[in-house]
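Shown here is one chain on its own, the form predicted on its own, set out as structure tokens.
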Amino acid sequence: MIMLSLPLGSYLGSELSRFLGLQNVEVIHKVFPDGETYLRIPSLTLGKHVMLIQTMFPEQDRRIVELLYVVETLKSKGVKHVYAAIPYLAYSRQDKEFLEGEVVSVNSLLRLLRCAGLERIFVVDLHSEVTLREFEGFIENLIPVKTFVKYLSKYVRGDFLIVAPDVGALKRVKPLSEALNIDYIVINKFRDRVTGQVVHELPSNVDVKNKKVVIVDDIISTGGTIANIASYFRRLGVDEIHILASHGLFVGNALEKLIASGVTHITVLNTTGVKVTHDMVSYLDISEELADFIKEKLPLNE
């Protein structure tokens, strides 16, 4: 097996391939003046098994098209088994028909990838359990507990409280709470499906005054949800507010919004092609844990 790094996979491909013990080859690419994408797989013996790596942010649609093109090309050249490591899977939040007539984007995307010839994909912290059930056997989802625990164990002590911003975040928060022996709470979240406005409430009989909290979530996009929770906590007298998330998109003025809300520090994984340079933001490398996860699920010696 070899690894092929697509345009937004090359930043992670070298480290991931090292941990997997695979040769890493970068796909040659450029964008023509009219916006069309050019891709070329270097001449090499591909063998029967190829692992692709491509993340899907920024420019989600272009990243998807690149992946589809390369998968189809590999299959047309006789590669029998094609897999993909996709640290950040685009469109994962549109996982159901919230309003009548809505396209369930993640389902459409995954069917396209499967029809193109991908046999299995490895993602980091997929947004929805619904999607996992729908595409069981096609998606392998890594919840990055080991990487998070290793980071948090350096400074989190008994005066910290781990916070799930909604019930869906429990799959991240509970393992962290157990590993670190730190209490956790779940914020009650209410969303208006039409306006998108979100209201948060603390569980009854919970006192967070003078506490330090770590809010754990999957995605920081515009930062609005976490900023609202952080502002709410500040009003309740929380001392420090740390944010830990798998995917940092930081769309628009997200960082400024989070800083203004009173956040102390933000830590995310290196799952996207975005890298924010700021004293308030730190990045954790997911390569080793992702490599171990892939090795558990897939034979690599072919």
Ligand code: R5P
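Throughout, we count residues from 1 along the sequence that is shown. Computed from a prediction, not measured in an experiment: that's the story for all the values here.
What follows is about the form predicted in complex with the ligand, which we do not show.
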*Per-stretch contact check against the ligand in the predicted complex, the hit in 142-150, 99-107, 179-187, 211-219 (non-hydrogen atom, 4.5 angstroms)*: 211-219
*asked:* Exactly one residue in 80, 93, 77, 133 has a non-hydrogen atom within 4.5 Å of the ligand in the predicted complex; which is it?
replied: 93
_Since only the chain is shown here, I'm wondering whether residue 117 would be in contact with the ligand in the predicted complex (any heavy atom pair within 4.5 Å)._
no
*asked:* Can you work out whether residue 231 and the ligand are in contact in the predicted complex, taking contact to mean some heavy atom pair no more than 4.5 Å apart?
replied: no
*Find out whether any non-hydrogen atom of residue 225 is located within 4.5 angstroms of the ligand in the predicted complex, and reply yes or no.*
yes
*Can you tell me which residues in 111-147 come within 4.5 angstroms of the ligand in the predicted complex, by heavy atoms?*
127
